[in-house]
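Next up: a single chain in C-alpha cells, the form predicted on its own.
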Amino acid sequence: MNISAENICAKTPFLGMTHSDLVDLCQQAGVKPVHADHLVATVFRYYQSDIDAISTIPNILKTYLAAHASMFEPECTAAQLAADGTRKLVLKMADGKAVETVLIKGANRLTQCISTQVGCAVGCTFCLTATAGLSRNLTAAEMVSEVWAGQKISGGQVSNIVLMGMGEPLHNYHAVAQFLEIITDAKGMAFSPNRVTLSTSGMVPAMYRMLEDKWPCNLAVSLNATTDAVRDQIIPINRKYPIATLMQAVRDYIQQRGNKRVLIEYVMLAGVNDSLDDAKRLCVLLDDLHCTINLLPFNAYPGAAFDRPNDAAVSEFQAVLVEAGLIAIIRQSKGRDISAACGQLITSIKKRNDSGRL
C-alpha cells in the first residue's frame, strides 16, 4: 500500500500499514524515518494502542498520526475456553461485523487460526462456515487486528499463524498479501514465514500468482477427495479446477519453491471418501509429491449431511498411506466442545449478525 497525501486524508488504518508505509508517513510528517521503527516495535510487538503514550516518537508525529491515521482495536465480544485449552474469540469490527479467531495450544507452540473473510463463498458442503455465505472480505488491518487481539490475550505467546479460519484466503488476494507482508516483516510483527501457513480450497490461478509473488508462507491444500465425482459434490470449486489441474499446480509450487513441503488436508467423511480404495487412490495422487497429509475426521454438527468415520476406519486409512511411504498424520480436533474445531466457525456469529445483537 502506497500512502499518498490523498489517501492519508481518509485516515489510513494504522494496523494495515507496512513498514515502508510508515517510513513514508514519517517523511510526510517531517520527522526522521527511524521513528517508523519505534512505531512498529511498540504497536506491532508490544500491542500499544495509545500512540500518545509512546515516549520514543516526537509530538509532531503524534499529531500527524492523529489527523491522518486511525488506530482500531477490535472489541472482543465473547471468549470461550475449551477443556483442551483451545480459546475461541469473537471479534467485532468497526462496522459491527464479527469474526472468530482461535488460539490452539500445542506442545511447544501457540497457534492462532485467522479468518480472512466474514463468511465464505466457496460452499464446501461439509463446512459449517459455508452455511453463512459471504458477507465481505476483511481488510489487512482487520486481519492484523486478529493477531493483535490474540497476542494481547495470550501475553504475546502466539508463535504460529494459520489462515484457516472463516473464508477462502485466495478470494481476498490483495488484503491477504498485505497482511502477510506486515506479519512476516522483520521490522514488523516478525513472524517467521516458516510459521505461517495459508490454506486454500484449490484456487489454482491464485496459487500460481502467490507463487510468482513469492508470498512468505507455507501452503496447505484442502483436497478431501480422490475422484472428481466426489470432490465436485463436496467442494464445488472442483468443477472449475478439477483434481488433475489442482495437483499439477501443487507439483509446480513444490518444484518452484525448491522442494518446499506442502500440507495436504483431507477431511474424512464416513462412507464418502474414507474407503481403502480412496486411500489407495490418494497414494497414487501424492506419490511424487513432497507433502505431509493431515487426516481430519469430520467434525459433526447439528443438521450436518455427513458423519464422522469411526476410529478404526481412520487408522486403517492412515496405515495404507504410511505403508506407501507417505507422511500421514491423524489430526486430533481441538476445541470441539466450544465449536472451535476445523470447519465449525460461524454459527454463533451468523445468529448475532442476523439479529443485530453482538
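Don't overthink the numbering: it's just position in the shown sequence, from 1. The shown structure was predicted, so the numbers you read here are calculated from the model rather than taken from an experiment.
The same protein also has a form predicted in complex with a small molecule, omitted here; what follows describes it.
J.: Ok, Asn238, Thr200, Ser145, Asn273: which has a heavy atom sitting within 4.5 Å of the small molecule in the predicted complex?
T.: Selected option: Thr200.
J.: Checking a candidate spot here: are Ser20, Phe44 and Asp185 all in contact with the small molecule in the predicted complex (at least one heavy atom each within 4.5 Å)?
T.: The answer is no: none of the three residues contacts the partner (heavy atom, 4.5 Å cut-off).
J.: Do Leu103 and the small molecule share at least one heavy atom pair within 4.5 Å in the predicted complex?
T.: Heavy-atom contact with the small molecule at 4.5 Å: absent for Leu103.
J.: Is Glu265 close enough to the small molecule in the predicted complex to count, meaning some heavy atom within 4.5 Å?
T.: Although the small molecule is absent here, Glu265 would touch it in the predicted complex, with heavy atoms inside 4.5 Å.
J.: Answer for Leu296 alone: is it within 4.5 Å of the small molecule in the predicted complex, judged on heavy atom distances?
T.: Although the small molecule is absent here, Leu296 would touch it in the predicted complex, with heavy atoms inside 4.5 Å.
J.: Does the small molecule get within 4.5 angstroms of any non-hydrogen atom of Leu163 in the predicted complex?
T.: So Leu163 counts as contacting the small molecule.
J.: Can you pick the stretch from 104 to 112, 76 to 84, 277 to 285, 123 to 131 whose heavy atoms fall within 4.5 Å of the small molecule in the predicted complex?
T.: Of the options given, it is 123 to 131.
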